[in-house]
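Two versions of one and the same chain are coming, encoded as structure tokens; call them structure 1 and structure 2.
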Structure 1
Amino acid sequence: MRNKKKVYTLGPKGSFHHLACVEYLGGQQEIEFCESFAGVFEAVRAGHLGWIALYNSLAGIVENHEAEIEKNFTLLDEMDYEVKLCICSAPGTKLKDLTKLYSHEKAFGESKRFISEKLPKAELIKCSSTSHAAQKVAQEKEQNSAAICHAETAKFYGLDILANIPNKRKNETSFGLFAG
């Protein structure tokens, strides 16, 4: 892909959208972050490319924007990205000391068994994305809190991985690249 257009996706840095986009593009395009799907659609209407999640193998349709894409945009390509989650925290934190877990509600759902077995008393605090959760934990640096996110996201924010959360079933998200 040698297009000079920027690619807009959901952020912040380290989001599953970002990680999948980097893998798809191979670092060949400039990536800009939006806070919402509407922001991505607006950028595409302005002549840029958009990258969004379409479907998850466990959760189904990610957002109901299929009609918007079919009516107003052209889907150029799709890619499946494996969702792998982990528990990460500030350096020096121990899994047994955690009392607060930050993440997106879908990540909590996908981690339900792990949380009930390993961290049954932890308070679950919803964030708008797994990357926002990692960002929050990195900023606060509390020894009793952690985020559920991708291992690459933990690296972006200087967090230690305390545990990998096993997938009982294949967990993939289909992402689409689209233009106006």
Structure 2
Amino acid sequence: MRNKKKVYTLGPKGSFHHLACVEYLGGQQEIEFCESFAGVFEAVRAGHLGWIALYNSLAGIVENHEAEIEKNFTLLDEMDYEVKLCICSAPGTKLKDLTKLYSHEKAFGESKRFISEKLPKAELIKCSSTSHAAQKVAQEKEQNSAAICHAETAKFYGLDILANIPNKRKNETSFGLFAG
């Protein structure tokens, strides 16, 4: 990548957007985090680069991002990233004690089978990203809460991994790098 502009993506640190972007850029460029997809589009309108989810192999298109980019922006490149999820909690929490699960709604969809088999009674609390969920669980330290996120993200936030959620089918999201 010759273009040294900052890249804006969905945060906070440890979101799938972030992990995929780090892999794509190989540590070559500075990454800034937005709280929403709207924030990413806004940053690109202001002259920065954006990194955003376009398509997921299980869920299909991600919020019409591809159409929006085609209409108003320029797609520069794309990369597929495998979505691997785990259940993680503040140290000391047990899987059987969980009553609340925090995550991005797509990640709940991708974990549906596991949740219905292992934690059918858990309340599902939607967050703006899987890393936002991990951040919340780490801050609140409730013994009955867990986040669904990547294992790497659990590590970032000092959470313990209680279970890995198996992927029965390929779960991959394609992310796009785009400019104004």
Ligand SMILES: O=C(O)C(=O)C[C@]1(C(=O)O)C=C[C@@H](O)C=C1
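If you're wondering where the values come from, they're calculated on a predicted model, not measured in any experiment. For numbering, take structure 1's sequence and count from 1. We call the rigid core whatever largest set of C-alpha positions still superposes within 1.5 Å between the two forms.
The form predicted in complex with this ligand corresponds to structure 2; structure 1 is the other form.
Residue 71 shows a C-alpha shift of 2 Å or greater between structures 1 and 2 [criterion: core-superposed Cα displacement of 2 Å]. Taking the core as reference, the Cα of residue 46 moves 3.0 angstrom between structures 1 and 2.
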